[in-house]
Every structure is written in structure tokens, then in C-alpha cells.
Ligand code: C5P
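Just the one chain here, laid out as C-alpha cells, in the form predicted on its own.
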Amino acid sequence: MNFNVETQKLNDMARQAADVIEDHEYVRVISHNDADGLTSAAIICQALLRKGIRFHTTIVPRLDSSVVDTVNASAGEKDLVVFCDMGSGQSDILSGLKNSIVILDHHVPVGDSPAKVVVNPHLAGIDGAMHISASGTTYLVAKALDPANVDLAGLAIAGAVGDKQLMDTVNGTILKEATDVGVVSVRKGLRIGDGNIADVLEYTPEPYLDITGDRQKIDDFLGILGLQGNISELSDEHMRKLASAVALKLAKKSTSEAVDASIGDVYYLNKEIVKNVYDMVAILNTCGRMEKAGMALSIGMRDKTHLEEARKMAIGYQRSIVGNIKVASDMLRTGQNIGYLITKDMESTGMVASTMVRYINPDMPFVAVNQVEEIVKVSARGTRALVTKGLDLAFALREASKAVGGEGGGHNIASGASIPPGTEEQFISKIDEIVGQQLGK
């Protein structure tokens, strides 16, 4: 791996995308509804606004034929369509689009893309699941449009944190750039949002501890440590004490990856209206899930109008996730090679799956199958250790969903799918088989 060469390739793609964007007077932006997709949208929208290029943004949970139909019915023939955090794996769907396309993504490319330009780290030999998110990719395009867009680097960091990425290689370069110019500050500590310590430990699903959601146990825990007050106001000594106590709890049954994810550098976004990166990610994810994408985008574009409403909504949503994790723990089933659950109307199965594989059942990838009305949605999560052993959930979900008449894909470590109702057990059996082959069992 030659990091400098690969990064230059990615920057060259970003420059090509910027050149295409600058040739258009109007841009349709289509982006994903999670934190990475929403920060991507906020970055490109601010870059377009500063260039005087008019735009219209749509946030969607998935890219399917209905999105293409909507764009074809509403876009002018000269409009450019920019896809963020999606599009690389849906070349067949995008071939039905009449307009010129630019894709800013980090998922594994599949098929021959109809896009004019695809900016994707995989095409430069960089693993987009770990080393740069869609928001980071979009940030490179924004900087190619105007170097002054360096102030948007905090949003790229938030997107990477939302996708649980490593802060090395390309992400590390973006982070260094951001800290060098004061856009981002770093403090060592517990990687959670800000607020009263007891409240935050009660409703925060990550890290998931044996005291999470139980106020009495939390009060006892903090009483022993002699800690109280807001997290941001803790001295470095008290922060170290809290982080060490949490690390000891995690070490009892979680992976070292869980400890690394929970304790270390905490990023503060100095240019954004939400300073703590974990609060920003929680707010954006909540808005996306609750179909409040406009609220999320306004926050990403530094409009405080709906910030307090979004904060309250995020806390309530996190509380519901903690409740769902407790339910999922009781419903946990195991196959030969995967942990899984099959349920109905459960919120945020992606977060549930992440928590299960990271904190509760770390030896196997976890698959959450959830029926909502007439759609069965699947969220699957692994660990970096399992990926090192050969796990590729993008392939596994794509093949297993195809076998039952659905569709899926994503990253090797985190992926999703939609399958027809009634095929859940058949799907689980197929993915269990595929994962066993990947892991050599």
C-alpha cells in the first residue's frame, strides 16, 4: 500500500467531480439518512451554496427504483444529480436515470457505473469501510471546489465517527488538517456525548455496560468513584478515573475493540452548532430515523432553529434503543456461525446489531431481521477481528437476500438488506452458511 499514491488518486477523482459540478447551474443532491449521509449532504450543500450553485436535496433511507422515478419526473434535463453515501452498488438502478450523475460514496462498487464521475476510495485502493466515509469523500470534493471549505472538516469527522471508522490514513489526514486550523479539538476521555454523567450513562447505548439503563446502579457506580456533574466539566483526572472504571467493566466480557471504541480521543467540532461529535452523530441519526431529515440538514448547515427539539428527540430515541437492546438480549438466537434475532417493529436494528456484536456476543457477526409493515429489513454487523478472518457482510447479505428474492449490500463490517416477508428463516439459514464459508468453519 502506497498511501500517498492512493490518496492522490482519490484527490484526482475529487477534482474531476468538482469540475463537473462547477459546469452546472442546478444540482439535485440525493443522500442517505444516517449520520454519514446527512453530514455528506450538509457538506456538499454548503459548498454549492458558497459557489452560488442552486440545489435541491432529498434524503432517502435507500436507493431504489422509486428514487430514480422521482428524479426523472422532477429534474430538469440539464440538472446534475449528485448521490452521496450511495450509488456505488446500484449501477443497474442508476442506469434508468436520464440526467448526468456524480457519485460520492465509500461502499464497494458493483457493476459498471453510468455516472460521469465516481469518487470512491475503493477505486483508489483504500478501504472505504474503515479509512474514509462518504462525508470524508464529499469533503475532498468540497475542498476541490474551494480550499476555504476546510471549515467543513468537522462534519467529515462526524460522518466517520457515525460509521465507526478508524481515524488513520485518509481520515487521519482530514483530522490533522482540521485540528491544525482549529476546526476540531481533541480531548482524551470516554467517547460519549455531553450532559450530566448519570443521565448520559443511563440513556447512551454505547458503550453498553452492565449498568446501562439502570439509574440505581449508575448512581452507586458514580458514588463509589466520587463523580458528579457534567461530563464536559470533569477535570482531566476525573475523566481518567471515569474512563478507567468503564474500561474495567468492558474488559469483563467485551472485546478489546469495544474498549478502543469507548475510550480514547473525543472530538469537539468547533465550527458546528453541536460541539461534541457523539451528540452530533446521535442527533443526526435520530433525525434520519424519525423522518426529520430537513431538521438534520439544517443542523448540519449550522442553523440553530430546531436544535433543542432535535436534542430532546435524540435522548428519547437513545432511551428506546437501550430498551430494545435489553429485549434483543433476551431474544438472542445463535446459528452455527452467526448470532441473530427475528422480530417486528423494532427501532434502530442497526444500533442493536452493533451493540450485540460489540458488547454482548462478540464471537459471531450479528444479524437483526425486523419486519416493519410489509417490508422485512435486515441489519448485520461484524467486528474488525472477524473481518480480518475473512468476514464480508456486504457479499453475504447480497447473496443471501438475492436467494430469497430481496436485495442487500454495504460494507464488509456492516451491511443491510430488504427481503420478502415469510423468507426470514430461509434467509438466516443462507447467511449462516455463507458466513461459515467465509470464516473457514
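Residue numbers run from 1 along the displayed sequence. Note that the structure is predicted; figures quoted are calculated from it, not measured.
Unshown form predicted in complex with this ligand; subsequent notes refer to it.
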request  = Although this ligand is absent from this view, report whether residue 122 comes within 4.5 Å of it in the predicted complex, heavy atoms only.
outcome  = no
message = My question is simply whether residue 10 lines the interface with this ligand in the predicted complex - judged by any non-hydrogen atom within 4.5 Å.
response = no
request  = Spell out, yes or no, whether the shortest heavy atom distance between residue 163 and this ligand in the predicted complex is within 4.5 Å.
outcome  = yes
inquiry  = Can you work out whether residue 30 and this ligand are in contact in the predicted complex, taking contact to mean some heavy atom pair no more than 4.5 Å apart?
reply    = no
remark   = With a 4.5 Å heavy atom cut-off to this ligand in the predicted complex, the contacting stretch among 64-72, 40-48, 22-30, 401-409 is 401-409
inquiry  = With the partner left out here, which residues of 208-227 have a non-hydrogen atom within 4.5 Å of this ligand in the predicted complex?
reply    = none
